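One chain follows as structure tokens, the form predicted on its own.
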Amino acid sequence: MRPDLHTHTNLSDGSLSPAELVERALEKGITHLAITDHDTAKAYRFLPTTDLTIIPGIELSTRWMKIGIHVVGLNLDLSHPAIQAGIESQQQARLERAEQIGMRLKKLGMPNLFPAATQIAGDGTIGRPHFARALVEHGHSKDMSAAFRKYLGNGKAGDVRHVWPSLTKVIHWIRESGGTAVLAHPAHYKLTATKLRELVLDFCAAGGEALEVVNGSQRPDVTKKLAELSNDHELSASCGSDFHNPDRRWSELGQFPTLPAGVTPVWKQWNTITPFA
């Protein structure tokens, strides 16, 4: 079994279509794949017939103590009214957020880039990467990395977080839909050890069940600490590349450390895989 339980397509902020993602996963020897696009499950409408085991998934944006946090939902019924209502709510929040980003950038002397970012997003879920591309295309940044550093990254003008629902709410959407709620990439939030434990405690209290112990190319010491954290709080362990595009070699499909011994893999708690169609 070679699972990758955290991946993205061009229907959120990835670069490959759902069919291209599946093809690449097969090339990389993946056996179990979850597509966890941000706040949308559109990718599952466009999947080809495949020998891969597809695990229905989504990555939901939320907030905790004014910090943007992501929760991955795995093995959930994507047709359930609870997650459908959640997706609708998230899409509205993303639209409001995008409008606010456009206005904030306009206050810095730029044109309103909301229409350009919307066009770039197309049928996908609009987010900061689309604004980054708009900044580059309109000559305000030399590349997307520069756009994030100056305008869109944490604490910058385009970093709008207050639109997201609470941790309790997004976990409720996932659990009501029969899924497992996973705290995504815990090491990415740059929290102190004390704050991270506080987040995990609140995550557990809200009904969270798993921790993403491995996310992409990760240092062994980080994996060890997250494994200990998952065991300390009796959380199962998930793993994934957080794949977005082939240019990011540190997050290539399937190219991440195996889960360490001693943790309980998240799939061990699933009796069956929920159909996504």
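Keep in mind the model is a prediction, meaning the values are calculated, not measured. Note that residue numbering follows the sequence shown and begins at 1.
The following text describes the form predicted together with a small molecule, which does not appear among the structures shown.
- Just one listed stretch, out of 89-97, 133-141, 169-177, 106-114, contacts the small molecule in the model of the complex at the 4.5 Å heavy atom level, and that stretch is 89-97.
- Gly127 is the sole member of Gly102, Pro186, Gly127, Gly124 with a non-hydrogen atom within 4.5 Å of the small molecule in the model of the complex.
- Checked against the small molecule in the model of the complex, the residues Arg248, Lys28, Lys42, His32 give one hit for a heavy atom within 4.5 Å, which is Arg248.
- For the three residues Asp77, Trp267 and Gln269, a heavy atom within 4.5 Å of the small molecule turns up in the model of the complex in no case.
- Taking non-hydrogen atoms only, Phe148 approaches the small molecule to within 4.5 angstroms in the model of the complex.
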